[in-house]
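Next up: just one chain, as structure tokens, the form predicted alone.
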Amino acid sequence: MTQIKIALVGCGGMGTRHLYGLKELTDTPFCRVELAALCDINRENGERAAGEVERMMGFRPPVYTDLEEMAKAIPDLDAVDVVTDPSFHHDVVCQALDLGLHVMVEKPFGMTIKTCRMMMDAAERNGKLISVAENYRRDPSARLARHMIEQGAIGDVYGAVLHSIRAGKRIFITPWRHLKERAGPLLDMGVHYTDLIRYQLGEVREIYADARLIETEREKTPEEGSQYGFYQDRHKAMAETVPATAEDSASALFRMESGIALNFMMQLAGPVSFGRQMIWGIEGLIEGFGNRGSQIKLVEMDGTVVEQAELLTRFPDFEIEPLADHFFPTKVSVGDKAVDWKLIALEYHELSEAILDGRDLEIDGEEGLRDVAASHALCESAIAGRAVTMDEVCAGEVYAYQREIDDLLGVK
């Protein structure tokens, strides 16, 4: 077998973005992925996505509304890419694994630690792979930051800060992102940050946090700026206001296994917006953890600021994987309008090499679970009124916040 056959399950806005990512991959000499079908419980969504494929790639894949029916109709299907509402991940992923399919699933991996373990157990009993589609760390900026830390560019790291504050009460992309049982911003967006924190600074030991819901009602944005037709149509049909039940604000201290302390703030509410990401070492500072379409800077001890382009000349041994180098030959993604799709293409490519060649997955079920655990630790700590350790969150020993979510989802 020289390539894998994959089906997209979940043909909404993010699913469409995954199709654009697959198109980026098919336009390269690295592609070992064939799109075999689309699946969505809403046939209209599937047919819309099929039209996008036909426009971009010149063929129209079959559309199914039932995962088992699709697997029977395509007996040589190797994998599925699950891009559904996160509250359905555990049901869809477990079914796909039990049907004998490998899985790539969008972040957050699962809604709770319990649902993450359900999927990991299903993968183990079926001997199949789970890859979690977490894209931020795949950007060249994140790769460079990690390389610099490993090379001792700022000396011993002793502190860090990651602040992401967005003002106002606007709906964040979709109404369901403000519901506790459908993800909530601290999980849906938070896993991007917890993954970057763990990628750059190592494992988290404990988290002490306050988390709360500030805006109990969210308002529709005046217009939808997305280029995707799905998002635009959904915006037209969206109510002017929607209820919010998930926490939208957190402030925390992360203590890493290395002893590093990180000050964390995330909020989608309030009167002002600001953001800052810094990693301190005894010989300098890296500004930025790396992010999709971003760049990092080095601040030297005398205050000199060194931009990413110059940093690349200082670290001529810095390399990224061949496909990433193909997409980003300058190793800078700023200004690349296709960066979102290219990072998704890297995720597809990694899965194909894992299935075909035995390549290790960078973000497997265990990594995805730990990103979810660090995000939920914010609310678990707030409820417990103390610092909580990653070990006890991952083991389900601290579970008060997640218990309500599992109850709402009917997870036993």
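Note that residue numbering begins at 1 and tracks the sequence as displayed. No experiment lies behind these values; they were computed from the predicted model shown.
The same protein also exists as the form predicted in complex with a small molecule; that form is not shown, yet it is the one meant from here on.
Per the 4.5 Å heavy atom criterion, the small molecule in the predicted bound form is contacted by stretch 32-40, the sole one of 352-360, 373-381, 32-40, 55-63.
Of the listed positions (M390, V398, M14, L25), a single one reaches within 4.5 angstroms of the small molecule by any non-hydrogen atom in the predicted bound form, namely M14.
The contact with the small molecule in the predicted bound form, taken as any heavy atom within 4.5 Å, belongs to W176 out of W176, Y158, F315, F274. Although the partner is absent from this view, N135 contacts the small molecule in the predicted bound form, with a non-hydrogen atom inside 4.5 angstroms. Under a 4.5 angstroms non-hydrogen atom cutoff, the small molecule in the predicted bound form lacks G21 among its neighbouring residues. Under a 4.5 angstroms non-hydrogen atom cutoff, the small molecule in the predicted bound form has R234 among its neighbouring residues. A residue is said to contact a partner when one of its heavy atoms sits within 4.5 Å of a partner heavy atom; E206 fails this definition for the small molecule in the predicted bound form, lying far away. Annotation: in the predicted bound form, residues P185, A244 and A246 none come within 4.5 Å of the small molecule through any heavy atom.
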